[in-house]
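A lone chain, given as structure tokens: the form predicted on its own.
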């Protein structure tokens, strides 16, 4: 990585600090203003007012909102994420188990969506002016008109019910034991420990939810890449390459695609951040044990410590993706490196 890229990454990290502080304060205050008592929701029906007061004091909910936030932020900076009111477990344990599952799902969905989008964009460009382009253009419009959660339901009905060839519940087949934890990521751990049965089962369970996420990304990549190629192909250096007798496919892959990919990279970064938000409903539909399921359970039970940390983690993930995309864009664009 070049010195300029490292400087850009360092600036992005510095800018992320005030953003995270603002997001954490906003989420914290909004949750405290909601007309619901998480402690009362977690107590059994026969609990007394004294039990309620003790539990509120234990979680620090008897203090003012600014004081609660400063105490929570101070503990957060020392690595103490607090304890869950509903699950009665450390929030860090809950997040550390759910986060790798969501990252793996988003990564597969992103890879699949980019692969389909790039292939479709090249096909639309190659078939420009012909019937194939019109068919693909109409198909992308139809794909974008259907939200991700509806694609998830349709995929379950087709490949899980009508043609029961893929599992659609959970993360592993019943009876399989988890491999020894090495990295925390199931796919990596199963590959490192040579648990190919676990690896195959995990991949099969991720095909449908990852495809539901990828379908939301692929049409956008196709359209942006096709439009960028249409602009780049009119440049003078493309005409000169043709005059030198370079084959059309070589011009497309080695010259046009490199410059046309720049807007696509920016799009992938933005949509990659949105994809983490899209996992909430997708994970619920597939009963996938990730951050989305954890967030829904926490919201349903008004578990404030879990909601706060999960919201902050989503913010960190989006900022991290944007920082990585900025670095990739800088490395791919010589004009920015010399500016």
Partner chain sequence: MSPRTRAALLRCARNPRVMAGLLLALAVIVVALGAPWIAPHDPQEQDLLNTLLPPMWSAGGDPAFPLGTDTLGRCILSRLIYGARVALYVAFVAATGAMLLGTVLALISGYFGGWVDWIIGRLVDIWMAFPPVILALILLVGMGAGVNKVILAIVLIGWTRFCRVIRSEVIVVRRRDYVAAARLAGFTHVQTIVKEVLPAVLPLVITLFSLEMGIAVIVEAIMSFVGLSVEPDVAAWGVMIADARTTMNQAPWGVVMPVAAIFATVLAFNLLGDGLRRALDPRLVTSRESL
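For clarity, a rigid core is taken as the largest C-alpha set superposing within 1.5 Å between two forms. None of the values given here were measured: they were computed from a predicted structure. Positions refer to the first chain, counted from 1.
Not on display, but discussed next: the form predicted in complex with its partner chain.
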- Message: I'd like to know if residue 311 sits close to its partner chain in the model of the complex, meaning any non-hydrogen atom pair within 4.5 angstroms.
- Response: yes
- Message: Check residue 107 for me: does it contact its partner chain in the model of the complex (non-hydrogen atoms, 4.5 angstroms)?
- Response: no
- Message: How about residue 149 - does it come within 4.5 Å of its partner chain in the model of the complex, if we only consider non-hydrogen atoms?
- Response: yes
- Partner proximity in the model of the complex: residue 281 to its partner chain, non-hydrogen atom cutoff 4.5 Å: yes
- Does each of 23, 145 and 153 have at least one heavy atom within 4.5 Å of its partner chain in the model of the complex? yes
- Task: Note which of 78, 96, 141, 177 lies within 4.5 Å of its partner chain in the model of the complex, where distance is taken over heavy atoms; exactly one does.
- Result: 141
- From first to last in sequence, which residues of 269-284 have any non-hydrogen atom within 4.5 angstroms of its partner chain in the model of the complex? 270, 273, 274, 276, 277, 280, 281, 284
- Flag for residue 183, CA shift 2 Å or larger between the shown form and the other one after aligning core: no
- Message: Rigid core aligned, does the Cα position of residue 96 differ by 2 Å or more between the shown form and the other one?
- Response: no
- Does residue 242 move its CA by 2 angstroms or more between the shown form and the other one when the core is aligned? yes
